[in-house]
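Here's a solo chain for you in structure tokens, the form predicted alone.
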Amino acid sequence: MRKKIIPYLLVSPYLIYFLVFMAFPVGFSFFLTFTNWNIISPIEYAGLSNYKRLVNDAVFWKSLLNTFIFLIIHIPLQIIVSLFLAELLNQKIRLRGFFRAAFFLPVIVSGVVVTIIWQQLYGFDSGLLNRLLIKIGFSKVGWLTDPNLAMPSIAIMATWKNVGLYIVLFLVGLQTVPPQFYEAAELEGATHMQKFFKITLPIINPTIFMVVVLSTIGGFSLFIEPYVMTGGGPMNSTMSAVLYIYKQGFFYYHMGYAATLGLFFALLILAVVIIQKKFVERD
């Protein structure tokens, strides 16, 4: 009898953690999707009204579109920049250790601090970028006030913030490439570009997939940058899906509707990741 109880006692801490912090929140959120609740008043059953509201919510679909625009800009830019820098830092160059540390530094800095710094750089009247543009003869640019530029500006900032992390991942991937392959290619007269595209890229393909998945999940959770820099404006051009869900839940106290949006968004992320995995497996 004692031998049968001991295994359950050993797994009970994790089981309690799983039930309290994972199973219950997910189950309760799903329950809220069928209710109207503003935290203060009693919970009211609302049927499928939250799902009907989601279908007709133009701002939510706009926030989804903004999120995908961010991903389309951010992921390729993230991969190209970090892979280029990783390839460079994988060579025997001077001050290699210093540059590796310098590129990684923004990763450990608070996201809010980085966002505030870039908000100053993007300032219309006194921002450093606009001052540089004026000095070389161009007009000021509304980096965060122009609806067409606001989201690309945020994507550039997010790339700068995270590039150090992906440089580390690519450096690990580049270390797995056997040097004998390069030596054999050099004997055949291959150029650096040929070695990169024919040897390096195919071997680090799993690393690229991992970076794509991490960038996708990170992009879907876009929140701090638009929340601090623009509040979702101008004209909802930087309203990300997570920011919109947050506003519905904690600005307007529409907890049932926020739970519905969150559930739909989680399923969408799951579908995108599965599609990405299928593409990689097929390749």
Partner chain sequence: MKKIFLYIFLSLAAIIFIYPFFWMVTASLASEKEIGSLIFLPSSFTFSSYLQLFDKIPILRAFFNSIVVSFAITLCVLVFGSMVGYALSKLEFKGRNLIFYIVIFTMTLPFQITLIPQYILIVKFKWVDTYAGLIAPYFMNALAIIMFRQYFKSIPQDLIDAARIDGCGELRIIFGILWPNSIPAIVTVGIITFMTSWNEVLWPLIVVRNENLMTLPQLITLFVVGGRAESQLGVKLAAATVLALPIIIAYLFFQKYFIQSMTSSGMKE
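Here, rigid core means the biggest group of C-alpha atoms that superpose within 1.5 Å across both forms. Predicted, not measured: the structure shown is a model, and the values here were computed from it. Positions refer to the first chain, counted from 1.
Heads up, the form predicted together with its partner chain isn't pictured, but that's what we're talking about next.
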| query | finding |
| --- | --- |
| Answer range among 165-173, 181-189, 199-207, 144-152 for contact with its partner chain, defined in the predicted complex as heavy atoms within 4.5 Å | 165-173 |
| Contacting member of L133, I117, I72, I80, with respect to its partner chain in the predicted complex [4.5 Å, heavy atom] | I117 |
| Option touching its partner chain, based on a heavy atom within 4.5 Å in the predicted complex, out of L64, M255, A46, L54 | M255 |
| 4.5 Å heavy atom contact, F68 and its partner chain in the predicted complex | no |
| Distance check, N236 to its partner chain in the predicted complex, heavy atom within 4.5 Å | no |
| Partner proximity in the predicted complex: F279 to its partner chain, non-hydrogen atom cutoff 4.5 Å | no |
| L270: touches its partner chain in the predicted complex, heavy atom cutoff 4.5 angstroms | yes |
| Interface residues of 80-104 toward its partner chain, as seen in the predicted complex [heavy atoms, 4.5 Å] | F84, L85, L88, L89, Q91, K92, I93, R94, G97, F98, F99, R100, A101, A102, F103, F104 |
| Core superposition between the shown form and the other one, C-alpha change of A23 at least 2 Å | no |
